[in-house]
Each structure stands twice: as structure tokens, then as C-alpha cells.
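Take a look at this single chain, the form predicted on its own, given in C-alpha cells.
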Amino acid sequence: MTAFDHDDEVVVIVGSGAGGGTLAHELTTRGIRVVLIEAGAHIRLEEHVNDEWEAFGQMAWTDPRTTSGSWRIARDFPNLPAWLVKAVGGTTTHWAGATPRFLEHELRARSTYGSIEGATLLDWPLTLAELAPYYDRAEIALGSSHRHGRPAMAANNNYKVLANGAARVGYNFYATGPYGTNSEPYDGRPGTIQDGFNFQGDRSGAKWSTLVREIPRAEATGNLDLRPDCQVVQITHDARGRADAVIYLDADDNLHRQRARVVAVAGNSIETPRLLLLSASSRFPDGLANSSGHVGRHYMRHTTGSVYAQFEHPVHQYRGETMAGIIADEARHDPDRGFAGGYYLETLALGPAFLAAFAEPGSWGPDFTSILDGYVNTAGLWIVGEDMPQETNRVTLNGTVTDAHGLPVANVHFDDHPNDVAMREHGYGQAELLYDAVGSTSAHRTPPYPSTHNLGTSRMSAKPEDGVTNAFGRAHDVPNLFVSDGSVFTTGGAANPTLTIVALAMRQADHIVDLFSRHEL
């Protein structure tokens, strides 16, 4: 196992998920020395628990946070505004697996949608044509089904209900993918055994994650020093304002300083701005790389909600992959529907424990228990769509609540935009029409879960005054500081974000290697 000295000048990456793990792999395979610091434990595949409730306790980032705003999460889950994994591999060990790409209009949201009151829309500072080759590379790495010759995922019952309903209501674009789990052996990973609920850590390794693919390959180069159970608490800088080290606590609460040539932050869109804000100094009094005031702002979590429908006969939705189907017809931009942007309808099977927790938080009685009593006869889907960035939706430091190390926790403030509400209502209605078309006896609208798609708090922008990073995730203020996760999303689009995070990390790696070759870093 490779170990670098704390005085070695290396690339330091904070966080080992989709962005950080991918960046580490891309850099180490090109001969660049990397220290990858992960706050969570290194949980091996064989240690994953195939039980959703126990697995949540094993994997989730349950450190205290607070939340505010009018979103229902503040009432239902005041200490859990987001659902993130604290472990090597990050949230790629938990993700559902859908891998759609951004659409052209979603990267040009300001130009396409126009000015929407209350929304802080910007066009991305890169085009779909620039991103396309990296989407190709990412899909090949993930083994996305329906792409580059990868075969389709087998259809489970939950998908068959979805597809039958889709056909009857007139949808045209639905399939069992694209999806990041192997339908047959590929790239050293086995094919899925359709075991269900591998949302909670896939013991077989059929589902892509940086834990399974990128991190072991990076370690094999001899250029990666992986440090799990280490919490980064500050990024420091030199007199020129360039990042020069990270300060972190190890598992025994010992404080260390790792010298850095480059720092890349990939702690997710809540912990990344928190770390930048914690790294304030006399030169950066409002937080590192925050001269624009945009660090933590424009937080997005996607417009979401679920519909679970019951039928006369068993469906057994829990058999097979968790998210084994997607309808893309509603992803278009069509303002005649009453909102800007679009959304997907994706199968989503929860186990009895999670369904009980999230179907109608705080409820009890016959109406609630009927949802659980009908579990075997239930089919379910998830609405996921583009929510509007708003300056007031933001991550800040809580001045009164601290973590186990005495540091301010993140507070996540969120209010739905009227466009978000209109989109969600449309999605609920379409899902109910779909299930009614195939004979459902009842349908229940589930409110959004604690956010899984956290985006936008260190956004890309063409102009420094409009965001935090440039088109490569390089901080406008600090030339050797990069942001390498979903924080850089200028707008959210409707697509599940993992594929785009991986593609952006690959593009960022190419840029860093180029800057190294030109001695600009």
C-alpha cells in the first residue's frame, strides 16, 4: 500500500465518490501522485449488508446537520437534509444506477427558458459537443446499458408495469436503461444477479462504483495514497493565495497537515461548500474561493416525488434491480405544460422499512398501514426533474450547532420554486394516469425523500462574478484549487447526475494533466 510523506507535494483530493474517485484514477494512471482523503471507512464489498435499514446505518453520513426553509424535509427530517454515504466510494456505493445524459437545452437553460422570476439561471460555460466525448468515456467506464454495445438490462415486474402503462398513455421513449449495472460480465465485473435492493451496497460488484473500479485501479499504479477515516477541516493557502495544504483529523482525532501542489474538493454539494467556508482567512474572509459570494448558493436537489400504485395481483416490485426502467418523454422542454424544463419517470422499489419511513412521514392509521399491507401488490416510480437554482437556497455554517470535532455543521436552506411545484404536480398526475391505464386499484403520492441529488453550490460560470469555478471546475480565485463534484453544476437538468459528474471529472483530469505539462500548476 502506497504511503506518501506529509511534506510531499502531491495532488490532494478530498472525497472518493463519483468525482473524487474518478479524478484520482485518471491522474494516477498518468503518473501523477495523489493523496485521496475520505472521511468515511473503507467498507469492503463482502462487508455490505443486504438489508436496507441496517445498511443505512453502516453507510450513511449521519453526522449532524440542520436545515431550514419551507421544504417538507425541514419538518420530516430536520437532521437529515441529504442522503449521502460516508465511506470509500462515496455515494456511488448507494446510487440507484440510472445514467442519462444532459440534453442540449439543459446546458443553455438561461437562453432557452428566458428569465424566470426568482430563478438564478445561467448557461453552462461549456457545450454538449464539448462534453460528448467525455460522456462516451464515462459510459464505457460505467458499463452503461444501451450504450456502446452494452446490452439492455432484463425487465423485472416493476418495469413491465411501467412499460405497459407507458405504451397505453402514448409514451414512446422508455427502456430498462441506460443503467450502470452489468447485465452480463463486463470490465472485470460480474453480471447482475438481480438480487434487489443493492441500492445499499452491491456485494456482487455488478453495479459500478469508484469503490469497485476506479480506486482499486488507482491503487495498483502505486501513485495513490488512500486515507480513509480522515476528516478534512481546512484548506490553507500561501501568501500568493494559492492552496498549499489540507489540514485533516485522522480516526484518532490527531491533526495532520498534508502539503499540496493541487487541491481538488469532491465532498458533495453540502460538505464541499462547508469546507470552503471553514477555510476562510484574512485573504478570503467569506470563505476560500468566495470573492463572488456564490459559495454555498444556488443549492439544487432535483424536483422529486414518488407514486406507489397497488394492483389486484402481486407485482413483487422488489425483485430485480432497484431502478430498472426510465421514461424519457417528459424530459423535453415544453412550457405549454406550465413549467420550464422537464423530468424523467424512473422505476423505484423501496423495501418495506424504507417505504414505511418515507411514504408519508409522520402518518399513522388505516390509510397509512394500507400502503404497507399492499406491499406485494405494489409498483412504484420516482419523478426526477430539473429544479430552479435560487440564490437563497444555500448551504451555510450553523453558528450554534457543531459536529464531533467542534466545527460548525452545515445548514441547508431550501424553498421550492413555483416551477418545481408545477413540475412535481404534473409528474404525479402522469404517473397516476400511467398506473390507472394498467388497472391500478389505488395510488399514493409520496413526498420527496431526503435529498440524494445535491447540486450547484460552487457553480461553474463564464464570468468570475457569477460563480465559483470555470468550465473545468478550477476556482476563479485560487488557480490550483478545483471542485470535482456536483457542486459545479450551473443548473441541474433532469438527468440523474452521476454520469455527468464522472464525465466532468474525466475532463477536469485532462485539463490538469495539460496544465502540468505546461508547468502552469
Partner chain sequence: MTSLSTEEAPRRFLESDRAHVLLVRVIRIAFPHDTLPVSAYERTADSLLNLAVQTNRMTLAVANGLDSLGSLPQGDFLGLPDDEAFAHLKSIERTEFFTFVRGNTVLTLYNLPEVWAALGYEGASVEKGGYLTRGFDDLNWLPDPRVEEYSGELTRVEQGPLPYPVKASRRTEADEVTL
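The model shown is predicted, which means the values in this text are computed figures rather than measured ones. Positions refer to the first chain, counted from 1.
This next part talks about the form predicted in complex with the partner chain, which is not shown.
- Of the stretches 268 to 276, 324 to 332, 290 to 298, 392 to 400, only 324 to 332 has residues with a heavy atom within 4.5 Å of the partner chain in the model of the complex.
- The single contact residue among 234, 441, 164, 127, judged by any heavy atom lying within 4.5 Å of the partner chain in the model of the complex, is 164.
- Only one of 175, 122, 226, 96 comes within 4.5 Å of the partner chain in the model of the complex through a heavy atom, and that residue is 175.
- For residue 407, no non-hydrogen atom is located within 4.5 Å of the partner chain in the model of the complex, even though that partner is not displayed.
- Remark: residue 251 does not count among the residues lining the partner chain in the model of the complex, judged by a heavy atom distance of 4.5 Å or less.
- Taking the partner from elsewhere, residue 262 is found to have every heavy atom lying beyond 4.5 Å of the partner chain in the model of the complex.
- For residue 80, no non-hydrogen atom is located within 4.5 Å of the partner chain in the model of the complex, even though that partner is not displayed.
- Contacts with the partner chain in the model of the complex, taken as any heavy atom within 4.5 Å, map within 136 to 172 to 146, 147, 152, 153, 154, 155, 156, 157, 159, 160, 161, 163, 164, 168, 169, 170, 171, 172.
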